[in-house]
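Next up is one chain by itself, shown in structure tokens, the form predicted on its own.
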Amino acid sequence: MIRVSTEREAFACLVDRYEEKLLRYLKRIMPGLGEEAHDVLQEVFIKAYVNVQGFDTALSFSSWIYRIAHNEAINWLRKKKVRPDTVALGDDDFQTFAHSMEVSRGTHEYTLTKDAVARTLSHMPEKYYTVLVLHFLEGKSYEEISDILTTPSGTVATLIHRAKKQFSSMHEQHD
């Protein structure tokens, strides 16, 4: 009985540690679907609890639980046949993202606006949008993104490079 109690307490600590981070991530990749993000988060923790014995200790727990969250969000969006048409960026998200992106028109740098960034991101393919969110907003390393998306880290680097390039190109078109 003590072991069950200890396992539950340990899992409760993990929930406390990751709940806010995962909810923020889910809201970023499921923009405009705030309440549904809470439902998906609940499913994430249920799946994590049920499958924790299968956790590969060679990976970081953070990457493992983010992978579950990512897969649950994508499955939910596909099941509902929904692609959010807006991206909600908080001021901090926008500042972080704008500072990270190198957007230029010819040889002249130009200023990113929150609305223009949100509009551009909302039109990007899922694979590019996701790596930009994970890297620039969630602060994940290439290796962590590789673990989350089960993609080689070289491919992650390529996806980020292409995503930045496409963002710049699309931003110019929408600007």
Partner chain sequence: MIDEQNKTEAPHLSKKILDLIEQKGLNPKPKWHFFVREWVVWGMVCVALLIGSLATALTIYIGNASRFMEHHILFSDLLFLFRLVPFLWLFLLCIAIFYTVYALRETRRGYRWSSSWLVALAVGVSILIGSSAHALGVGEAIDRYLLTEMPMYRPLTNFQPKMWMDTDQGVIAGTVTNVEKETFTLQKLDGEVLKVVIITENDNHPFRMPHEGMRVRVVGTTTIEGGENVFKSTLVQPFHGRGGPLTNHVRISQPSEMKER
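Bear in mind the structure is a predicted one, so any value in this text is a computation, not a measurement. Residue numbers count along the first chain shown, from 1.
This next part talks about the form predicted in complex with the partner chain, which is not shown.
Val52 is the sole member of Val52, Met124, Ala118, Ile68 with a non-hydrogen atom within 4.5 Å of the partner chain in the predicted complex.
Highlighted residues Val15, Leu23 and Asp56: every one comes within 4.5 Å of the partner chain in the predicted complex, counting any heavy atom.
In the predicted complex, at least one heavy atom of Phe45 sits within 4.5 Å of a heavy atom of the partner chain. Among heavy atoms of Leu132, none comes within 4.5 Å of the partner chain in the predicted complex.
The closest non-hydrogen atom of Ser141 lies beyond 4.5 Å of the partner chain in the predicted complex. Though the partner is left out of this view, Ile29 does not reach within 4.5 Å of the partner chain in the predicted complex, counting heavy atoms only. For the stretch 124-153, the set of residues having any non-hydrogen atom within 4.5 angstroms of the partner chain in the predicted complex comprises Ser146, Asp147, Thr150, Thr151, Pro152, in sequence order.
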